[in-house]
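To begin, one chain is listed below as structure tokens, in the form predicted alone.
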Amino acid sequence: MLTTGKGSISLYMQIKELLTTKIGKGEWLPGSIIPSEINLAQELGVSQGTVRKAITELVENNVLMRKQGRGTFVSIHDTDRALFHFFHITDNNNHKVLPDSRVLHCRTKPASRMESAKLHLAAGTDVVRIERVRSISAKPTMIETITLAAGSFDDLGREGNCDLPNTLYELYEKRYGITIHSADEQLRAVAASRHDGKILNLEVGTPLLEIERVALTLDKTPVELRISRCSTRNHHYQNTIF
């Protein structure tokens, strides 16, 4: 129920939260069209302008997307979104391309203490741990370790099920009904281990950029822990802040 009055949350914020809840609960699925601003305004008993303000913020947050002449849709994961919204590595000419991926391992293991903490899991919970190398222009550039709660991705990690697509967020959405909407990232400088050096063709001790990312659903539930170790010989991290 929408509320008004002193101390209450503004109407457009209440509408924004209501629409977000519908998406989070799966009432509106990725790729589906939502009701028009006019219909939502009539249903909620507010002005069309108030509804438009709420929808505009969700579009700016990549939760919804407008298609000219067609309406407003729940955002989906595709190659463009993976590249421009979640991938921040560019070459030294500021050219960004989505790297190719090759899975090295995909196994089910008990979570480490760090993985349990980052993904809000009970100690000893099984996780799927994926290791893959990512290449740009056919050159190994990044090595990634990806951790997922096994209970949400029950068939990953099984023998013979390691043929994973390049863009994993699209897989999570289409196969498991889990949509990544945001991520928290931490960056630090690290030295290449013997394993890193072998995979990335570097000397042990070469400086690498480590990116630790926790990917979150719309209601801020952590789904994926991804640790990427990137060679900075020809690439760097770039993110525009608005």
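Residue numbers run from 1 along the displayed sequence. Source: prediction; values computed, not measured.
What comes next is about the form predicted in complex with the DNA, which does not appear here.
Q: Can you tell me which of 212-220, 199-207, 44-52, 178-186 lies within 4.5 Å of the DNA in the predicted bound form, counting heavy atoms only?
A: Partner-contacting stretch among the options: 44-52.
Q: Sort through Thr72, Ser152, Thr145, Thr167 and report the residue having a heavy atom within 4.5 Å of the DNA in the predicted bound form.
A: Checking each option against the DNA in the predicted bound form, the one that comes within 4.5 Å is Thr72.
Q: Does any part of Thr21 reach within 4.5 Å of the DNA in the predicted bound form? Heavy atoms only, please.
A: Contact check for Thr21: no, nothing within 4.5 Å of the DNA in the predicted bound form.
Q: Counting only non-hydrogen atoms and a 4.5 angstroms cut-off, does Pro30 reach the DNA in the predicted bound form?
A: Because no heavy atom of Pro30 falls inside 4.5 Å of the DNA in the predicted bound form, the answer is no.
Q: Hey, in the predicted bound form, does Arg66 get a heavy atom within 4.5 angstroms of the DNA?
A: Contact with the DNA, yes.
Q: Contact with the DNA in the predicted bound form for Asn39, defined as at least one heavy atom pair within 4.5 Å: yes or no?
A: Looking in the predicted bound form, residue contacts with the DNA include Asn39, since a heavy atom lies within 4.5 Å.
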